[in-house]
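Consider the single chain below, provided in structure tokens and representing the form predicted alone.
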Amino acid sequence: MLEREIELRADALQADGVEPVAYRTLFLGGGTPSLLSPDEIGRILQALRSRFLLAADAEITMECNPGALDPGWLRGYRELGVNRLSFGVQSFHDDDLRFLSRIHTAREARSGIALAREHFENVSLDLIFALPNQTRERWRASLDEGVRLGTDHISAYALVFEEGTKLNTLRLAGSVQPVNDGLEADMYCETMETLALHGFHQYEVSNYARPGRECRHNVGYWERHTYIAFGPSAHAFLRTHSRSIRWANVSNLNAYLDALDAGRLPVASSEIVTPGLALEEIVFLGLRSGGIIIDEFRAVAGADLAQIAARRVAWLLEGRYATLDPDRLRLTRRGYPFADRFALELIADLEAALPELMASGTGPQNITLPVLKNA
């Protein structure tokens, strides 16, 4: 059915006059694609390549779970063109992994990454900090282990108690106590300091890479490039010369299959990205990553950020929370821990200075097919 959705989406984009582009990244994830054999992954890649143009040097990432990886399939993935693997390790301590309900052990994580390094030059891993009962020293040990294994990219996320999850239920019942904010902040600082010592550059609030190993797919997302997505719960974003549109697929698998059986794209909701929403995204995503792109901000707002929010920008620069050059307003390592706060403050300044623009447009719509026609 995924192949059917790829066909329907390509037809819809073509019918709506969206000009084809050469996509520079392809990301197989949002689940556990390493459960699929090379033959199955090959079918998906063939379906995509038959209808979408993929750049010759495209970054093709596949997420892997160390507990659901067949070592014999690694060579097959590489021969298909997959050139980057991302491992959801989360921790190199077995008790942490049990707490997180992960199906792999720390030994399996080490073994999987070592095997992957035999076939792939570009290997990434995810780690989680601020776990209950975790110490700063214990967290540093996981970071050191990730570096020792020769990975080139590490994503380090603080534990979040998402509503509706088992972890949040335990928290509400008092069975699990989140770490205090001070310790979480210390662990975040430990992350920045430890990885910097090992030659990793922080290019987003939670992402660190050796030079040239930044995840292109992630950067494209943060800089608001077009991305087309497939599968249940998939979210996509399309930018044309005249408008930007975002849509989301249904999350229920049966509803997803029923829509495709009926020859319909399985879209649950869609929204046109208004100028006000675009500015919010430019600020929020920019501060979390490589910085607010000055030219893009000016094109939407009609004025420079440093003019509209002069006092706020001056305060960020004076406090060494940010730097400003002709291209971007970037947060420093000192500013990254407060990225969300600074974004909200800048957005409040924009709402005061540009009330009509920030309040413009409509909200999400529940529709079957997104409107993609160029204005």
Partner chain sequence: MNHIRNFCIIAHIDHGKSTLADRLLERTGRITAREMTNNQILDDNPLEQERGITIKLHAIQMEYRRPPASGGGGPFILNLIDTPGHVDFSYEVSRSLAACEGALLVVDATQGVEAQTIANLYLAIEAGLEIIPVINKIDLPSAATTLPGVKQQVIDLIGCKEEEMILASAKAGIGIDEILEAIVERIPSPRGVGDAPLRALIFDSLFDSYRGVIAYVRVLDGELREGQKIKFMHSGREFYVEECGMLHMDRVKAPSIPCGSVGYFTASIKDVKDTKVGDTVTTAKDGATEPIPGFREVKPMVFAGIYPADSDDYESLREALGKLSLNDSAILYEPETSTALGFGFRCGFLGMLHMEIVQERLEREFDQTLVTTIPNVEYLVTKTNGEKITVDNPADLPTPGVIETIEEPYIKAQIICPSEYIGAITKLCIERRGVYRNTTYISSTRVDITFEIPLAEVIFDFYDKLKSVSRGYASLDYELIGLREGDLVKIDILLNSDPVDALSMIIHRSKAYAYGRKLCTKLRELIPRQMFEIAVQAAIGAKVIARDTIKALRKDVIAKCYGGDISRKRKLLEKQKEGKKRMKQVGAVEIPQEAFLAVLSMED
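Residue numbers count along the first chain shown, from 1. A quick note: this is a predicted structure, and the numbers were derived from the prediction, not measured.
The form predicted in complex with its partner chain is left out here; the points below concern that form.
Partner proximity in the predicted complex, defined as non-hydrogen atoms within 4.5 angstroms of its partner chain, places exactly one of 76-84, 168-176, 258-266, 275-283 at the interface: 275-283. With the partner removed from view, the residue among F230, Y221, F297, F99 that has a non-hydrogen atom within 4.5 Å of its partner chain in the predicted complex turns out to be Y221. The partner is absent here; in the predicted complex, the one residue of A55, L344, A306, L324 having a heavy atom within 4.5 Å of its partner chain is L344. Within 4.5 Å of some heavy atom of its partner chain in the predicted complex lies at least one heavy atom of Y188. Not displayed here, its partner chain is kept clear of H201 by more than 4.5 Å at the level of heavy atoms in the predicted complex. Its partner chain in the predicted complex is approached by D181, whose closest heavy atom lies within 4.5 angstroms of it. Taking the partner from elsewhere, E162 is found to have a heavy atom lying within 4.5 Å of its partner chain in the predicted complex.
Along 331-359, these residues reach a heavy atom to within 4.5 Å of its partner chain in the predicted complex: Y336, P337, F338, A339, D340, R341, F342, L344, E345, I347, E351.
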